[in-house]
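Quick heads-up: it's one chain on its own, the form predicted on its own, in structure tokens.
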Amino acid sequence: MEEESDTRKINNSFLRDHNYATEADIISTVEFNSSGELLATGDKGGRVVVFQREQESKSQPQRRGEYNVYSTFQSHEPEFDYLKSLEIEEKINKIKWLPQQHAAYFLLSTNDKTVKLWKISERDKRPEGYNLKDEDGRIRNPLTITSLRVPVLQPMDLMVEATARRVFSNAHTYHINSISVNSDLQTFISTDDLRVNLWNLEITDRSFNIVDIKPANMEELTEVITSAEFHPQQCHTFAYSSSKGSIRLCDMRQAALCDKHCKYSPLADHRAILQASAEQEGGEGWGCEEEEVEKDFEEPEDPSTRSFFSEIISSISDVKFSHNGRYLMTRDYLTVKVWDLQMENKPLETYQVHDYLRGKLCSLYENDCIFDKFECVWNGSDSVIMTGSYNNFFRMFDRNTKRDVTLEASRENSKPRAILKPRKVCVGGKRRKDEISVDSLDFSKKILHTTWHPHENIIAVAATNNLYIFQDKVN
């Protein structure tokens, strides 16, 4: 694949950084909302920081792309499970925004065990002139009240409040790795290593288990669930990935427990309508074809490349539907794959992220880097995909031109409005001046979490405790 040589259209617009780095400051998730005006990050300290995009100004049009802190709040606290004698970390594993329906914003955040629904709202007025309490909030003696006052709203400095509206807990035995909001805007799923649970956003005391791969004997356990996501348009369809490198597409209309997976078909909705109509008329309806129940997405392994690490590097760390709902993107340790939902036997496209690490799997296994979970993301038009790598590198692949580029998010090249230059990794042989040797890569610096603005070419990447935001070049 040809390496993109000109990346001047990408430049750095913002850097949010702490001068001191502690474990609690490490960013663990990053997510744009549906409009792209807000950007949320979660960290290992259980905090959520929300950034808001700068409003356009005629005097300073170049500031339009900048994001500033809008709200910061503590989402989760460390807890202790006394029954199992286990500490529950406050680390934020995932954040998902709900589509905005009125003035307030809503987001879901989760740690290993508990999902919370947060409301973020603005307040610029306060009530004054109470009858039963004074201006300091103290209760007044009713005997001293000689007249009635009509309370009024007085202007005040803008205050952004974050309020926990729902707490969804006590439903997961294992650690939650992903959450996904349904397109019906009424339900969401939370996924742990062995189960997927379906929640109603209004009901916190119960959920429905829709996937359960826990064997009767845990010694027979061969795979775990690594990620799950709802289809962007079909509220009954979701996909989940496994540590064995397979992706299962499930239809909640077929069974209450989606132990079997379905084959995607654009005629599925039409068939369901015909079946319901036939049943209402007293007929038997349309039987489900067996071949459409037992399909999943998995690429056969090449026996010639089989090694001790094959099973580890084939584990899927992230799964994402395209915005148009036709494709699935998956990320394993070395590659990003794009699947057509109507072709499950092999991926439509395969992109090598850092194939130069294939000869270093032994050392990566020894330092546990081989177990890192990289995310992947689509751009707004599904034409470009992005994912992270080591040495604070992140990769972009253009699906149309088949060009790719490696960029670096670091403090050395992150001056505001600086133009990023492509980086290249040299594997053996003579190294050019602008290349970096694979032996010089810093595996402690890694881009695990990325997100792309839903409508514009603005991206956010998290590098340990630093958040970098890049946008198209502004003339």
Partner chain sequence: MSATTAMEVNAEARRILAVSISKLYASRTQRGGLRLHRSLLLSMVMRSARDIYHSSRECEGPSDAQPTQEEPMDTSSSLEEQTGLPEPVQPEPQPALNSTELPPEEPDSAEEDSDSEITEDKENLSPRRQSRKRRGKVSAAPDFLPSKRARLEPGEERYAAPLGSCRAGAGESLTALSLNRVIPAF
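Positions refer to the first chain, counted from 1. For clarity, every value in this text was computed on a predicted model and none was experimentally measured.
Form predicted in complex with its partner chain: not shown, discussed below.
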{"item": "Candidate site 54, 56 and 382: all three near its partner chain in the model of the complex by heavy atom within 4.5 Å", "value": "no"}
{"item": "Among the candidates 358, 323, 373, 236, the residue which, in the model of the complex, approaches its partner chain to within 4.5 Å (heavy atoms)", "value": "373"}
{"item": "Of 78, 129, 99, 137, the one that lies within 4.5 Å of its partner chain in the model of the complex (heavy atoms)", "value": "78"}
{"item": "Exercise: residue 87 in contact with its partner chain in the model of the complex, heavy atom 4.5 Å", "value": "yes"}
{"item": "Residue 218, heavy atom within 4.5 angstroms of its partner chain in the model of the complex", "value": "yes"}
{"item": "Heavy atom of residue 330 within 4.5 Å of its partner chain in the model of the complex", "value": "no"}
{"item": "Contact label in the model of the complex: residue 150 to its partner chain, heavy atom within 4.5 Å", "value": "no"}
{"item": "Candidate stretches 388 to 396, 330 to 338, 200 to 208, 79 to 87 - the one whose heavy atoms come within 4.5 Å of its partner chain in the model of the complex", "value": "79 to 87"}
{"item": "Partner contacts in the model of the complex for 182 to 205 (non-hydrogen atom within 4.5 angstroms of its partner chain)", "value": "193, 194"}
